[in-house]
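What follows is one chain in structure tokens, specifically the form predicted alone.
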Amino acid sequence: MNIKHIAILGTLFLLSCGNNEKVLHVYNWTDYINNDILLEFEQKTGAKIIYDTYASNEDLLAKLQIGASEYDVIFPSDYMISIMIEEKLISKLDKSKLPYMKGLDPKFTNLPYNPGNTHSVPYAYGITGIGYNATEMGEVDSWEVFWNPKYAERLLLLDDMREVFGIAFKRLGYSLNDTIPAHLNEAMAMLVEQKRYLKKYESSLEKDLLLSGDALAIHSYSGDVYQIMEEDSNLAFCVPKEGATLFAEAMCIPEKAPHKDLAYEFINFMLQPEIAGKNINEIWYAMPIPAALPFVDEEIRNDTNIFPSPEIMARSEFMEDLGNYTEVMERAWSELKVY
């Protein structure tokens, strides 16, 4: 049974049984959880899960900003968490209801976007990079590939403002979190040039297009590419030598969540080492729960693109909230999209 089936069954359950039953509404990224775990939680608790997905942090933020009140657990990324805290969109956590938080890797318990994890529980982390057809392209190790006319119309970048400008900033030798207007102008010129080779910006079907051969190289997330590498041995993933985006998603409870007690139960369930291990084996993303490693397949726990090596960590960065400068970038992004 896939996530769409779970969502449909959950909706039918709501319509047929009224509002007195236990229902949990989860809003997460696409292909970012093991479906069997959702079913296991349903069986354990008697709750029904309604599961919806989104393609970007900005989509999630917009949904909450317009007053969406049905979601119980959401999975925003690092920089977006600080924005949501500031806008009072997510609840401060009662950690007494989350005993398994004690098993988190200490490196993930005091990150800049939410010191002390007052509003968020680390879920999974990874890195962006390049998924590509190694048989047709040979070894790829640089963002330069997206400017290669040889591959015109078979290249995809994520439909994500921060990620796309981040590639240009890294190619120029700047920080992902650069806020110097002159540098943004340089990045803009570079990306305008790149559009002549681009098939499109895509954040939902990029894996499918790589797998089908319609794309030769895609800008994507490590675990997403590894999921399809299982299906096609010609595919590979690299973290470019210029550096890339480190990201960490967290589980949060919206301020308006209607079923907060059940949300706590779900988050605590996801933190159990065996459950976390099952999840890692399915989604191919690392989770910051050391006790889960014995439950993780050896090929996954030993892969430095999944559990990034110190060398990869050193050349990559987490995104930060850029404050008012985000509006400047948004204007540039809108201009870039219409070129």
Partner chain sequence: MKAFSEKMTLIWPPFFWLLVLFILPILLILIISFSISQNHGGYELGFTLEHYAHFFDALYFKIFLRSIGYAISTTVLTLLIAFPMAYYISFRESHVKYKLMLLVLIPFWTNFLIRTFSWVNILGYKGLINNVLMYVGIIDSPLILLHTSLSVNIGLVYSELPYMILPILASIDRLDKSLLEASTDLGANKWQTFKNITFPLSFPGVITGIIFVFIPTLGQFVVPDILGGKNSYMIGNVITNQFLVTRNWPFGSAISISIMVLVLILMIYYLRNYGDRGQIKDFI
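Numbering follows the first chain given and starts at 1. In this text the structure is predicted, and so the values were computed from the model without any measurement.
Absent from the display: the form predicted in complex with its partner chain. The rest refers to it.
S.K.: Is Ala62 close enough to its partner chain in the model of the complex to count, meaning some heavy atom within 4.5 Å?
M.R.: Ala62 belongs to the contact set for its partner chain.
S.K.: Closest heavy atom of Arg154 to its partner chain in the model of the complex, within 4.5 Å or not?
M.R.: Yes, Arg154 sits close enough to its partner chain in the model of the complex that at least one of its heavy atoms falls within 4.5 Å.
S.K.: Would Glu86 show up as a contact with its partner chain in the model of the complex if we use heavy atoms at 4.5 Å?
M.R.: Within the cut-off, so yes.
S.K.: Taking heavy atoms and a 4.5 Å cut-off, does Asp214 contact its partner chain in the model of the complex?
M.R.: Contact check for Asp214: yes, within 4.5 Å of its partner chain in the model of the complex.
S.K.: Name the single residue among Lys107, Lys200, Lys241, Lys97 that comes within 4.5 Å of its partner chain in the model of the complex, judging by heavy atoms.
M.R.: It is Lys200 that has a heavy atom within 4.5 Å of the partner.
S.K.: Quick one: from Asp303, Glu42, Glu58, Glu282, grab the residue that has a heavy atom within 4.5 Å of its partner chain in the model of the complex.
M.R.: Looking at the other structure, the residue within range turns out to be Glu58.
S.K.: Would you point out which of 265 to 273, 203 to 211, 111 to 119, 244 to 252 contains residues with a non-hydrogen atom within 4.5 Å of its partner chain in the model of the complex?
M.R.: Only one stretch passes the 4.5 Å heavy-atom test: 203 to 211.
S.K.: If you look in the model of the complex, which residues in 314 to 335 sit within 4.5 Å of its partner chain (heavy atoms)?
M.R.: Residues within 4.5 Å: Asp321, Glu330, Arg331, Ser334, Glu335.
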